[in-house]
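Just the one chain here, laid out as structure tokens, in the form predicted alone.
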Amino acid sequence: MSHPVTGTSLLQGNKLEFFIDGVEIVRGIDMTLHKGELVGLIGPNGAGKSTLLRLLCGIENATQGNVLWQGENLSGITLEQRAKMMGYLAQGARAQWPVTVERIVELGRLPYQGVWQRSNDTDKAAIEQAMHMAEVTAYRNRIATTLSGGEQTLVMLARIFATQPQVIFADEPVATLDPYHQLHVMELLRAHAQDDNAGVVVLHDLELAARFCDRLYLFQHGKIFASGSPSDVLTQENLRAVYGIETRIGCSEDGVNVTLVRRICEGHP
């Protein structure tokens, strides 16, 4: 269930646009992230969600517009500072090197260490806590590249938690996970987005978006089609217009419930 948003502005995107080879991927996006909230980006494939996520955390530079971090232009903040403030989980994140799970998670502490510095007690405590949170402690001595795709996603998420960033950006973090671990990851992101922390997550599962996110941005063709609380955004009319689907919308103590009924026409999005 989403929580009331009472925090101050943490991150703000202003009139963001992004072009690739003359093709406009993101068009005039205004978005605000407050302390203590988890924001969901939803919409069809290719709608611009992942691109916006990369713009917000500075991985990509906007063609036009800017991103402000607590009022300061993100481009003026050093990469070292950003590495401590923000954690980014890429879509389909996988381990790239044949090293142990513990070593992968330990890499999350690099922003706090010198080139040759070994992990101190603070680092070790953060690593242990991160592995425990992501439930990957049992894999600590396994070679990360031998794990399944879903297990590797959890390891990469543990690396982010080891950094202890203020904001986590997660691009489809539950796409390869079974239902138990889908709920687990969303619970972790929800728990992180408290007090001074926050999160932005790209999701295709509308039920998870409704249950765990405070606010949603619904994208269509690189623009924001609707934004607001899950109950404001997840309406039959909006989902019909953007996804080309018929749905049944209900409410429960967990929030909005979305049941997919049928497609309206082929190739609609």
Partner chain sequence: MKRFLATNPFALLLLLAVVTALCFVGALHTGPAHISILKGFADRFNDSLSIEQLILWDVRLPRALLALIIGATLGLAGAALQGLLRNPLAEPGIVGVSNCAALGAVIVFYFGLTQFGWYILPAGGLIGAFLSVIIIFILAGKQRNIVSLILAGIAINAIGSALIALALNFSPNPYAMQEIVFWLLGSVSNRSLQDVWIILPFTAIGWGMILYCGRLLDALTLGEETAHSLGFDVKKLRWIMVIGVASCVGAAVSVSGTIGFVGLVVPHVLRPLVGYQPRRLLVVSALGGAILLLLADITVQVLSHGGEMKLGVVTALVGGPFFLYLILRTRNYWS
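Since the model is a prediction, treat every value here as computed from it, not as a measurement. Residue numbers count along the first chain shown, from 1.
One more form of this protein exists, namely the form predicted in complex with the partner chain; it is left out here, but the text below deals with it.
Colleague: On the criterion of a non-hydrogen atom at 4.5 angstroms or closer, are Asp205, Ala241 and Ile264 all touching the partner chain in the model of the complex?
Modeller: Zero of three within 4.5 Å in the model of the complex.
Colleague: Here the chain is shown alone; which of Ala193, Ile104, Ala170, Val136 has a heavy atom within 4.5 Å of the partner chain in the model of the complex?
Modeller: Selected option: Ile104.
Colleague: Work out which of Glu72, Glu187, Asp178, Glu80 lies within 4.5 Å of the partner chain in the model of the complex, going by heavy atoms.
Modeller: When the partner chain is considered in the model of the complex, the option within 4.5 Å is Glu80.
Colleague: Contact with the partner chain in the model of the complex for Gln129, defined as at least one heavy atom pair within 4.5 Å: yes or no?
Modeller: No, Gln129 stays farther than 4.5 Å from the partner chain in the model of the complex.
Colleague: Is Ala198 close enough to touch the partner chain in the model of the complex, meaning at least one heavy atom pair within 4.5 Å?
Modeller: Contact with the partner chain, no.
Colleague: Does the 4.5 Å heavy atom contact test between Leu157 and the partner chain in the model of the complex come out positive?
Modeller: No.
Colleague: How about Leu147: is it within 4.5 Å of the partner chain in the model of the complex, going by heavy atoms?
Modeller: Leu147: no contact with the partner chain in the model of the complex.
Colleague: Thinking of the partner chain in the model of the complex, which stretch from 64-72, 223-231, 30-38, 50-58 has heavy atoms inside 4.5 Å of it?
Modeller: Going by heavy atoms within 4.5 Å, the stretch is 50-58.
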